[in-house]
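A lone chain, given as structure tokens: the form predicted on its own.
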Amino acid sequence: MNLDKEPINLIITGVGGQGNILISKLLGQAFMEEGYTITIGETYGATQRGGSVASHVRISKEKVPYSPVTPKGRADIILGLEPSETMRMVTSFGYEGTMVVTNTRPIHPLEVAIGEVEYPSQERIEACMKELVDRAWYVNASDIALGLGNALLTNIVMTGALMGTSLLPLGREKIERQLKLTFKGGKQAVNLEAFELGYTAVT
């Protein structure tokens, strides 16, 4: 089910250090090679490591680029590397047609760690998603990445999951090509495996 609209607004969200900017670069380069016009805008929280990071990827068939930040309530796809950050983006940029693909492993902010606030349960998150968006896919990408020996592979697992949903008008081989260009040797093999495991997690 490829989305067919102009532009496609994809937001990749997480916290600093999770690698969502790499995802936007892999997708952006792959779409540009297919002749699309890509605009990428990034927003950061108070700190880069541990703070909110969102990449807005606007995918267009037109030759004139769109503004770098998705308007409120216009995100077609939200790819979340951290559940509470996914919810934050849904409440600001989602609408009833939004599709969500999110990691289920939380990264607790300082306020949760010191007991000032309570992190929402997975059940509460799923109930909110059911009410607010068209469809959501839940992937335990962090555990999959840890199974491959490196939590940093979570972003590649989630990239595979996004491609497994078939929401984007792009074949999986285009992203695999970008992974092969980006990583060499053993890093290439494990990143391709992470992508495959994410892909099959939703198909």
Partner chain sequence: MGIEINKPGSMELLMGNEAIARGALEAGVGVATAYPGTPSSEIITNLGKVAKKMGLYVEWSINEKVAVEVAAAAALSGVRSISAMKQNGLNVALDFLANLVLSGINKGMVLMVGDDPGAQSSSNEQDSRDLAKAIDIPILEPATFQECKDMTKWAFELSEVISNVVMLRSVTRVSHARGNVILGELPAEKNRAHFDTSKKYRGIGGVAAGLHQAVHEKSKKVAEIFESSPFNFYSGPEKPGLLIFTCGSGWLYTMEAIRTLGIEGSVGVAKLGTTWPLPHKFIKTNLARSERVLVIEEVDSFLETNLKEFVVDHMPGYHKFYGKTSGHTRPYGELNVDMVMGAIASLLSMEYVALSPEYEKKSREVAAAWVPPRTSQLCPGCPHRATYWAMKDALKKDGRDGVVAGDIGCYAMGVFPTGFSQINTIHAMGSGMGVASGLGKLDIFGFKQPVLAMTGDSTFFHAVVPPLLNAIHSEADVVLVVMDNSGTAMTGFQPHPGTDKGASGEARPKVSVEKLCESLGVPVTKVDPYDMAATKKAFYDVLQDKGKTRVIISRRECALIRANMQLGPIAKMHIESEKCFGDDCGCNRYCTRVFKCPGLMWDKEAHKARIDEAVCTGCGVCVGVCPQSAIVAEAIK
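Numbering follows the first chain given and starts at 1. Because the structure is predicted, anything quoted here is derived from the model rather than measured.
This next part talks about the form predicted together with its partner chain, which is not shown.
Partner proximity in the predicted bound form: Val69 to its partner chain, non-hydrogen atom cutoff 4.5 Å: Yes - in the predicted bound form, heavy atoms of Val69 and its partner chain come within 4.5 Å of each other.
Taking heavy atoms and a 4.5 Å cut-off, does Gly171 contact its partner chain in the predicted bound form? Gly171 lies outside the contact set for its partner chain.
Taking its partner chain as it sits in the predicted bound form, is Ala136 near enough to touch it, meaning that at least one heavy atom pair lies within 4.5 angstroms? No, no contact at 4.5 Å.
Answer with yes or no whether Thr39 is in contact with its partner chain in the predicted bound form, where contact means some heavy atom within 4.5 Å. It does: once its partner chain is placed as it appears in the predicted bound form, Thr39 has a heavy atom within 4.5 Å of it.
Where, within 121-160, is there a heavy atom within 4.5 Å of its partner chain in the predicted bound form? Residue list please. Result: Arg124, Cys128, Glu131, Leu132, Val133.
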